[in-house]
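One chain follows as C-alpha cells, the form predicted on its own.
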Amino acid sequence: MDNNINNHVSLWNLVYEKLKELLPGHAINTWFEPLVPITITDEELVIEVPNQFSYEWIDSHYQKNLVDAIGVVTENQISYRFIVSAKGQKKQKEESESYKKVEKVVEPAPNNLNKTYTFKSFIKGANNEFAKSAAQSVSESPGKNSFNPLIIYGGVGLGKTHLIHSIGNKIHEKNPRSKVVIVTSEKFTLDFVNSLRKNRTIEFAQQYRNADVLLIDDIQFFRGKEQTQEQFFHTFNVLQQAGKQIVMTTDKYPAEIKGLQERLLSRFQSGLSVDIQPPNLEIRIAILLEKAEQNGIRLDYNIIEFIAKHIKKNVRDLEGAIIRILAKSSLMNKEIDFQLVKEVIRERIGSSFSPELSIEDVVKKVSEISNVSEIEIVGKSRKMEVAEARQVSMYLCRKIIGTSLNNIGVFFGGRDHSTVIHAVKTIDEKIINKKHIKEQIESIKQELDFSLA
C-alpha cells in the first residue's frame, strides 16, 4: 500500500472516489456521503456509520462494491469495519429505554401524553406561527392568561394534536405534579357513557374536574351528543372558574360547528381561537427533511422536493410518506431511488398523482442547461448552439414523453416532421460521438424524470 494513503482520511477519500465510479449518484449521496473514516490499522479501515439501519443496508447491498473499491486503492492489503456513531447508539438506546418505560409504567388514565410531540419537533412556518406561539404561551403559564380556553382549529393532519400534546409535555416537564388530562372527545364521551352504565357519574366528574390542565382533541365530535355536551359544559365551568387551563382542537372555527349548544359556543368564544393552515412548499420540505433525519435516512433534495410538491395539504401524509419509503425499501429489499419514491407517492395520493410532462417543460429544462433562451429554441435562429439546443429539445420530446412528430414540429415554429426525424437522428449520433452531448442529455433526462409517472 502506498505510504501516502496511510492516513485514514486520505484513504477514505480515494475509496469514496472509486465508489463514485462504481455506483449511481443517489446511492453515493444516500449511503456513503454520511460515512466518516475513524482510523486505520495495518489490517483494517474503521468507518463510522450514522445508525444501525445504514450499517445493515450498506453491508447487505454494497459490501462487494466497498470491498472492491478498498481493494483497488490498497491493493487488497486491508479490509474494513463499521462502527455505529455514538450519537446513533445513544438515540437507539434512548428509543429502546423509552419503549421499555412505556411498557412498564402505566400512567393513570386518561393521561396519555405522546412524549415525541414537543414544541422542538414542531416545524414552525407562516401557516402555524401564531398557533404555536399561543400554545407555548399557555404552556408557560397555564390558566394565568386570557388564552383560556385556547382553541386550535384547522384541517386534518396539520399538527393540532401535536400542539396540544406539546402543551401537556411542557407543563408536565415544568411541574411533574401538575395533573394534565388529555383525551379525545370520543374518549370523554365513552367515559361518560360508561359512568352512566355503571352508576359512577360522580367519579367521572371528579376525574375531569380535578385536572389542572384539560386538553380535549377534536371537539367537533361532541355534535349531537346532548348529554355529553351537558357534562362538558359543567366540567368547563368548574375548571375555568378555578383558574385551570383548557385547550381544545377542532376541524373548523368554533362558531361554524353545527350541533353544539349555544352556551358552549359562547364559552369557547370567551378565549382565543387560532388556526393552522396547510403548509407552503418550503415548510413541507423542512418537515420531510426533519422526518427523514429522525428515521436515519438521507434522501436526495430533488426527491424531497418531489414529495413536497405532490403531497400538499396534510402534514401527516408527508410524515407517512417517509415512513412508507423506508418500509418499502427494507421489506422489499429495494434501493431508495426515485422510482421507489414515485411508487409510494402514487400509492398514497392515487388518482390525483398527475406528473405528466409537456413540451414546455422539456424546452424550459433544456434552456436552463444550455443557457439558450426558450424563445430562441422554438425560433428560427440557425446559430450552432441554438440549433443544437433545439435538436436536443426535439429529441427529448420524442424519446422521453413520446410526443408525435407533427405536434413537435408545430410547437417548434411549424417545422415539418422530417425536420424532427433529422433532429432525433442527429442527437442519437452525437450521444455516441460527443461526450458533452451525452452528459447533457443524461443530466436533463434525470431532472425531467422527477416529473415522470
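The model shown is predicted, which means the values in this text are computed figures rather than measured ones. Sequential numbering from 1, following the sequence displayed.
Keep in mind that the form predicted in complex with adenosine-5'-diphosphate is missing from the display, and what follows is about it.
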Distance check, Gly155 to adenosine-5'-diphosphate in the predicted complex, heavy atom within 4.5 Å:
yes
Is Glu335 part of the interface with adenosine-5'-diphosphate in the predicted complex - any heavy atom within 4.5 Å?
no
Heavy atom to heavy atom, is Glu376 within 4.5 Å of adenosine-5'-diphosphate in the predicted complex?
no
So, Arg316 and adenosine-5'-diphosphate: in the predicted complex, are they within 4.5 Å at any heavy atom pair?
yes
Counting any heavy atom within 4.5 Å as contact, can you tell me which stretch out of 186-194, 68-76, 122-130, 229-237 lines adenosine-5'-diphosphate in the predicted complex?
122-130
Picking from Lys328, Lys225, Lys170, Lys291, the single residue whose non-hydrogen atoms come within 4.5 angstroms of adenosine-5'-diphosphate in the predicted complex is Lys291
Within 4.5 Å, heavy atoms only, which of Thr161, Ser367, Ser85, Asn148 is in contact with adenosine-5'-diphosphate in the predicted complex?
Thr161
Do Gln52 and Ile322 have their C-alpha atoms closer or farther apart in the predicted complex than here, with the shift being 3 angstroms or more?
closer
